[in-house]
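First, one chain by itself in structure tokens, the form predicted on its own.
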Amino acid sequence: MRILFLTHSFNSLAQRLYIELARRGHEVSIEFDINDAVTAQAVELYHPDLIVAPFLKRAIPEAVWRNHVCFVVHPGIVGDRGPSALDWAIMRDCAEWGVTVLQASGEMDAGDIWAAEAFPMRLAKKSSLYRNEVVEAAVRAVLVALERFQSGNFKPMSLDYSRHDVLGRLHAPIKQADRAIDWSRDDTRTVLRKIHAADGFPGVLDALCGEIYYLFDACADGTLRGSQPGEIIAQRNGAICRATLDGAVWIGHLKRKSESEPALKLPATLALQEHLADVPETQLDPFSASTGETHRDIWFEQKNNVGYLHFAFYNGAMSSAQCERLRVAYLAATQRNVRVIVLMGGADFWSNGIHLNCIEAAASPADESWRNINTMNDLTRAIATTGSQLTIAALQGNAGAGGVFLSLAADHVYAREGVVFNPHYKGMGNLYGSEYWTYLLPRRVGEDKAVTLTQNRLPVGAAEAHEMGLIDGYFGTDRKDFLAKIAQIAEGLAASPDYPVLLHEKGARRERDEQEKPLDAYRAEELQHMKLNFYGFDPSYHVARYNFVYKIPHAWAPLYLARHRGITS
């Protein structure tokens, strides 16, 4: 079928659905929902058999939904209506939630129901729930709805609140007043729910150090306590810890509220740096035993002859400081008594490369860009040149740009089934990229495929990544299954009688590659391009980065997505 995606942006759900539908042979074109005229023009140009709206912030024009079947993917249970669906589910501590595929009509979220899928809730950030449970449920529901649509004989269910199984209701848009934290009354779980329900967007407004900020990225602390609820009692690796009535919460990111100038989300200590001189730093050794709940972005676990190095960075972005800390931790891991090191990334992202927000906030974004890409390169090289262990990259979550190529520095790369790869930089103002990708990518997929991947700017699913040789395997319908299989593979490799031979072959292969062309040469060539991106006359990278970090809406859908506009490359 010819399917038109109408979406506010090409977000994680839209990308995953694009992959799933293209995999099944559907022809998919994407239009950003900018205004009614653009939407109507896209429909006229493409003549779609079906319109799918994975992520909208406004109603589909009547002229479109009256003449075309439009599937709206709503992140709520059957009967749930209105914006902030997932926000309210978290705020109300719902045990179960879901996704509904309904047909657009004259009332928002009130159209006939084509499919619905449910999932158990967990105490987690909205962004994490969305990228995991919501995306998986949405894929299942959309595939069921498509099958029913293609059958030609399915009659969708009208919304009937008199049915006992219709549990959702119309709700009002959530406001900052609903999210507001009362530090003198709210316990730790309540504070977490409020910040979790606003994570990603819009954050929770709160006063800090005499100014107003949006709070993001919260987790509990199991041991720290303060005398005054709301006070900042500690800092660690970019995060601040605030006392609650019954404990404490870490807040990783802040965005200053400003009416006069744009603001961007930053690590909390960077946003508050001039106010934290008297706040103690409570460092935590990545190799120390787990001490319960706390803020920990890098940690190491060992089981038998396998070491697992976790690096859970917010949104997968890796600043210069984070890259350097991770490199130091990795090198320390190579000195442990392990045969295999598994690079775990985080539960939501493996890595998305350099930290564009920190770069934007720097006194010289060009200099910080240069510093950041070099620390990424140092980390990548440390992994690629490891001779004492075999390494595995275990991608629990999505990877993009330099994060994809960082994973290729490992000897083996495995991904969870639902992981999405974006192995390109071009969309960020024609950024060339580094992380030794000109060495790491062609040796896996070949020169021709490497060019295609880096130029076409389209997402790649785990199955497609495996088929082209980008990764060695994919498995696990959920994170638990994936981690169990990774442990099995890693321990099998560590216990293999062929381990000494495999380690020797790895070293010999690296030596042959180095003689053919040194890693220094790849790096120098890549950085020559990057220097032009950062310091040259073309400001495209700096403009694209600014638009990205300040969430400037797209003026049009990129032509490589909007195939109906006549350009497919």
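Don't overthink the numbering: it's just position in the shown sequence, from 1. Keep in mind that what you see is a predicted model, and the values were worked out from it rather than measured.
There is another form of this protein, the form predicted in complex with ligand COA, and it is not shown here; the text below is about that form.
Put simply, N357 is close to ligand COA in the predicted bound form: some heavy atom of it is within 4.5 Å. Although the partner is absent here, K265 sits close enough that one of its heavy atoms falls within 4.5 Å of ligand COA in the predicted bound form.
Not displayed here, ligand COA is kept clear of R23 by more than 4.5 Å at the level of heavy atoms in the predicted bound form. Looking at G402, you'd find a heavy atom of it within 4.5 angstroms of ligand COA in the predicted bound form.
For the options N422, T188, T438, T375, the residue carrying a heavy atom within 4.5 angstroms of ligand COA in the predicted bound form is N422. For the options G98, G307, G418, G353, the one in contact with ligand COA in the predicted bound form, meaning a heavy atom within 4.5 Å, is G353.
Only one listed stretch (486-494, 288-296, 172-180, 426-434) carries heavy atoms within 4.5 Å of ligand COA in the predicted bound form, and that stretch is 426-434. Within 4.5 angstroms of ligand COA in the predicted bound form, the stretch 312-327 places a non-hydrogen atom from each of Y314, N315, A317, taken in sequence order.
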